[in-house]
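Below you will find one chain, with nothing else, as structure tokens; this is the form predicted on its own, and questions on how it binds or moves follow later.
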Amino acid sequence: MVLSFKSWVANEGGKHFVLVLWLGANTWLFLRTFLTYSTGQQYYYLYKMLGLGLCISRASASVLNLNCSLVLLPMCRSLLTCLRGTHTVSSRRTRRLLDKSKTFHVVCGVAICIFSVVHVSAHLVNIVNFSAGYSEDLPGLNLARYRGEDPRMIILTTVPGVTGVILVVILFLMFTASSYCIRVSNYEIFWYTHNLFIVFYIILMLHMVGGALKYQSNVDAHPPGCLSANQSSPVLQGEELETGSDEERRCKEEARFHPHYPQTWMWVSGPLCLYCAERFYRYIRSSDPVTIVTVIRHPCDVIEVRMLKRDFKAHPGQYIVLNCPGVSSFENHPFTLTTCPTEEKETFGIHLRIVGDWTERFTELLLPKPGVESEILPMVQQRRYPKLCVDGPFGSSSEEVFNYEVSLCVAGGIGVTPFACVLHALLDGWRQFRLRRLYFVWVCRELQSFYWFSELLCALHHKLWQENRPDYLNLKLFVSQTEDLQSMSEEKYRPLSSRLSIGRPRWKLLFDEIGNANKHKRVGVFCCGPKGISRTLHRLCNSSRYTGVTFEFNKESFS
């Protein structure tokens, strides 16, 4: 598929521009530190003893400092949501760039892992050289206690060595638990190991304590390479001396070495304090009591929870982070809002699919055991619901649906949740939107899944017909599983049954239809669903087959 440069710039330009800046900063920092330690006079003797291992270990440490400070910023959800909602970030392109914060977090995390391997490997070489290159003439430079000391003893008896081992273990646990297979099969492992970052940063700031690497502090009185009274160090043997008298080359005093002042805290303390302050603010905000108003069981293992919280305000497309101490005091899970508070109705709601241990235990606390016929549990039954903590709301890409004249929303299964709130907003009669036409495509495996929001879709359909705006919403429903297929035969669901198709969407034909009907416009494409659908839509948005129209791709992603 041939790419369109204009579409590629619209969808990928900002992301790649930030990536180039990030790569440039890392490259500059690596080379600058490498040259400092390889050519700096204060590191002359240390470089002679350790060689390139010194330069590589310190250069990689500089890159690690940078990325350990940057990796926290994309996780400041409240800050990003505030930036999205203020006039400071008025450009849609900039707001779309903020939606890539999770990707940037992953990139920084991968860079930390890669350069940690480089850093550890270089220091293993340094430890061997410390042992083999023990200098009797420069005792202040040595890390080993004697020549030929076991490198393992050096690691286990020094602060940098012990803290380094702990950091490697923590990073290994965090990296392996972040893999897709573990996050899907057992999210709890990912959650608990990722929260080891607090221990990681504390130990990281202690890592330099002990001064393994030292610089020469009296370069003027002891120029590197000068002759001492008893020169016997292998570091200085065989050195080519400059012409001149011996007195001119004689050292005025012995070389003095001092450990570096720890600098890691200067890199990470700012972002770490910012993140901790935000987490404290979110903890205070989430401590406000939440009242569960209604719990509804839907087909296909989906439940709806409607809640009430004082002074809670949200916009369509945003999401919340839910914590249920009755299930786990430390686990937090994001859920897109399917209904937002309005002036007439202060409740808000979410739909969640029962997949995994957390949702199963949460459902058991909300609903009675199977066999109870009632699907709706009103408050008059005085059922004791579990305590909930709601953090948020937080911004996401789905907020931008209303900022295009034409938007295409594609949902796969339970991925319909962010767009359900958009449909609720249209039903409530919000008219301050820029949106003039909405294409809504919903793909499900089972027909029963459409009943989650069937009444909402029918109500919106009737409302638009009554307002003589039938073309405002272009609705397409697809069911992919053909076995034991039934139809939505109820009379009230006739608007949906007429728009229901069997099989999967033909995306190219759909894009052709939208492109031909909306020449010279920017169409916002929003996707929340399986990766296969997302990749297909992403490729089509960058395709050059659609002239005169630009498709801007936006993917729902929780940070």
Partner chain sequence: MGKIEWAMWANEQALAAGLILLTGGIVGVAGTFRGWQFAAYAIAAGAFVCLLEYPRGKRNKGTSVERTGQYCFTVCVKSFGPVTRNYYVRAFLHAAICVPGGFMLATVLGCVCLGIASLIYLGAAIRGEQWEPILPRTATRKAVGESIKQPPQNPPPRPPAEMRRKRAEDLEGAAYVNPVDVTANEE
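Superpose the two forms; the largest set of C-alphas matching within 1.5 Å is the rigid core. Positions refer to the first chain, counted from 1. Just so we're clear, the structure is a prediction, and the values are computed from it rather than from any experiment.
This protein has a second form, the form predicted together with its partner chain, left out of what is shown; the following refers to that one.
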### Message
Taking 4.5 angstroms as the heavy atom distance cut-off, pick the stretch from 209-217, 341-349, 183-191, 437-445 that is near its partner chain in the model of the complex.
### Response
183-191
### Message
Between its partner chain and V128, P151 and S179, in the model of the complex, does every residue show a non-hydrogen atom at 4.5 Å or closer?
### Response
yes
### Task
Select from the listed residues S328, T163, N474, T363 the one whose heavy atoms reach within 4.5 Å of its partner chain in the model of the complex.
S328
### Task
Heavy atom within 4.5 Å of its partner chain in the model of the complex: which of Y146, Y283, F172, W465 fits that? Just give me the one.
F172
### Query
Does E253 reach its partner chain in the model of the complex if we count a contact as any heavy atom within 4.5 Å?
no
### Query
If you check in the model of the complex, is C276 within 4.5 Å of its partner chain, heavy atoms only?
no
### Message
D301 versus its partner chain, in the model of the complex: is there a non-hydrogen atom within 4.5 Å?
### Response
no
### Task
Give a yes or no for V199: in the model of the complex, does one of its heavy atoms lie within 4.5 Å of a heavy atom belonging to its partner chain?
no
### Rigid core fit then C113 CA moved by 2 Å or more between this form and the one not shown
no
### Query
With both forms fit on the core, is the shift of the CA atom of S329 between this form and the one not shown 2 Å or larger?
yes
### Message
So, superposing on the core, is the move of R445 at the CA at least 2 angstroms between this form and the one not shown?
### Response
yes
